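Consider the single chain below, provided in structure tokens and representing the form predicted on its own.
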């Protein structure tokens, strides 16, 4: 049997891609290596409210908390507090999100093969292992949506620099937390990134870290929790994963195979978040594939269809590069300057966690922040 489209990976982005293509009238088969959708969880589960609403994600089924801002901590303890008067982000039960999208894909008649792993691709022929049995499946178009540590990317011979794939570790713990604010902590305990506290409630939070180099993220998390003096108990739900932090791949397709989401590094380099950006990319994916199957438009149009998103991701990458150029003293000095320039008020008013293009140009119209704008422009 010839399938029009095969999606490799039944995470949020893979399933969202499948749903969009199914709604456009295409036959879609989703291949997932695990026996259960949503497991294992490898995500902090924080998404912007504006992004979730724009994409019509089923957040009402899987939201465990809503936050209205963030507290950023410098190494010396200075705090930048960014807040709105209403919720700006959802803390999701990530497994429930994937399961809700799985149910929607099934409703649109997706064919979903669990316990199925991709072994190789040769043109339109997919070699798979389904429930420990070798099989072949033919598909006109293949979508790689199998995450940061992508197998399909390796099969295609598309390489990603090791420094753009950070190792992360997260636990869920009991304690006393401000349920309205996410916390980001910067310091040498998290080289190349930061530690986070994402509250599920005033009593429970997800506490995690990602770091570059050879630093062990579990040890880094213990170091952070000791320095932050977090009074926690009942530590559970330990999870490890890979956080893609880099520019989106320029080589995001090969032949009849297109990459989307974390697999294509379509993530925010500032935070590593990829649910919203990956799902936005799936819209460009649907447009590209639909025009190809209907009118024989080239699949290479995928890159141009990603233009607006890639512009945003390039800004996230520029911000990440700038921040990574700073040592602890530099970060402390930056926080002091930002506080003096009333950057908290500026970011509270204009900040957008997904789309920096909405607020970076406003820096040029804010004299007190011209220094920061200049630094970002020349990095």
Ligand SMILES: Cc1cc2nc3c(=O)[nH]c(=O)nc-3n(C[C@H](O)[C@H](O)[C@H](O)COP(=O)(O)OP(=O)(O)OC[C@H]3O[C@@H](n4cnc5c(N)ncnc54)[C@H](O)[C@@H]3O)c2cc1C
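Residue numbers count along the first chain shown, from 1. Everything quoted here is computed from the prediction, not taken from an experiment.
This protein has a second form, the form predicted together with the named molecule, left out of what is shown; the following refers to that one.
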Can any non-hydrogen atom of residue 116 be found within 4.5 angstroms of the named molecule in the predicted bound form?
-> yes
Is there any non-hydrogen atom of residue 197 lying within 4.5 Å of the named molecule in the predicted bound form?
-> no
4.5 angstroms heavy atom contact with the named molecule in the predicted bound form for residue 13 | yes
Answer with yes or no whether residue 6 is in contact with the named molecule in the predicted bound form, where contact means some heavy atom within 4.5 Å.
-> no
Option from 332-340, 58-66, 33-41, 307-315 whose residues, in the predicted bound form, bring a heavy atom within 4.5 Å of the named molecule | 33-41
The one option of 217, 248, 241, 187 with any heavy atom within 4.5 Å of the named molecule in the predicted bound form is 241
Quick one: of 205, 168, 289, 139, which gets a non-hydrogen atom within 4.5 angstroms of the named molecule in the predicted bound form?
-> 168
